[in-house]
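In structure tokens, one chain follows: the form predicted alone.
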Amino acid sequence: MNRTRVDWVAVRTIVGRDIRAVRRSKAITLPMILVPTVLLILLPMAIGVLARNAPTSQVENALGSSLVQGIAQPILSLPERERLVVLVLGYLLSPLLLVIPLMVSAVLAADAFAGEKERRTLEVVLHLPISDRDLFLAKVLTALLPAVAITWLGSALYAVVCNVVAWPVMHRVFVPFAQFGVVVVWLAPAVALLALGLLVIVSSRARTTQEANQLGGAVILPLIFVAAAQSSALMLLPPLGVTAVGFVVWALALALLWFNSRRFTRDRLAAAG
């Protein structure tokens, strides 16, 4: 077998097989539907309605708080009625988009190999005529593609909800904007890949998906907290600054995946099973 070239036919076959298995599992699909629905549709809808109806005094208090002093300047140039809506929906809630690829990646990575062990299909996987590297790549893509797709779909729905809720105040489309687009299209896939670099190996060592989720949670929760706490600052950067951050995350993710792919072997997977 030529190990210098990826066998994309075999990789696509495994990805298709695994995605069909994921679609049949309610324990996997329900969190991937419910969490984005709450974070990207219901939450901005409720908070957007409150923000557009907030009295002017509350708007001034919000802009004067220490939490948002760094982003007050560009907002102060807007008409008074628009300020709180843009602050909340544009700067404070939209960074939750980075939580979605982390969460979806964690759920799918936990099932990557641990799920095979629970379904008693690991032996079939171990005997597939594919290199260890290509098997590892297929498992990563099985988690990465849905994570990116759900993030992009959720981002589009978030933008629609924000613009519809804010229309009585804004009378224009204000989401997406440049930084939002770069975060969604460029940075979010890198964040998902970084999570997978940490979690796929965890899944290969775990014996059940519950164990993989527990181990993966210890790894991924700090990343989720960092993403939720710090990602608002990304919206303050110019688009080139957000792009530069994305390059750093991509480099870390690819380096981690390369390192883990070198350590991944069928023998270790079978021994862990």
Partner chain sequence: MTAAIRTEGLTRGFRSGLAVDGLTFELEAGQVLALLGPNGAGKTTTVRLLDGVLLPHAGRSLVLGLDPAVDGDAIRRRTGVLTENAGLDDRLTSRENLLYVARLRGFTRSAATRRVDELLERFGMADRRDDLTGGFSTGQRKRVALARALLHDPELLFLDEPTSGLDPAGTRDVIALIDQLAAEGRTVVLATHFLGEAGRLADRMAVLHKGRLRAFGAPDELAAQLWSGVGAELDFGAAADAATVAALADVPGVRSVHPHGDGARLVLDDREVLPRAVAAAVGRGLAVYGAATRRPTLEDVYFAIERRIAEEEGEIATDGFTARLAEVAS
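Not measured: the values here are computed from a predicted model. Residue numbers count along the first chain shown, from 1.
The same protein also has a form predicted in complex with its partner chain, omitted here; what follows describes it.
- Every residue in the set V22, I28 and S131 has a non-hydrogen atom no more than 4.5 Å from its partner chain in the predicted bound form.
- With the partner omitted from this view, the residue of V202, V99, V125, V182 that lies near its partner chain in the predicted bound form is V125 [heavy atom within 4.5 Å].
- In the predicted bound form, its partner chain lies within 4.5 Å of some heavy atom of R120.
- With a 4.5 Å cutoff on heavy atoms, N260 does not count as touching its partner chain in the predicted bound form; it lies far away.
- Residue contact check for V249: none of its heavy atoms lie within 4.5 Å of its partner chain in the predicted bound form.
- Looking at A10, you'd find a heavy atom of it within 4.5 angstroms of its partner chain in the predicted bound form.
- For its partner chain in the predicted bound form, the listed stretch (147 to 155, 182 to 190, 111 to 119, 166 to 174) containing residues with heavy atoms inside 4.5 Å is 111 to 119.
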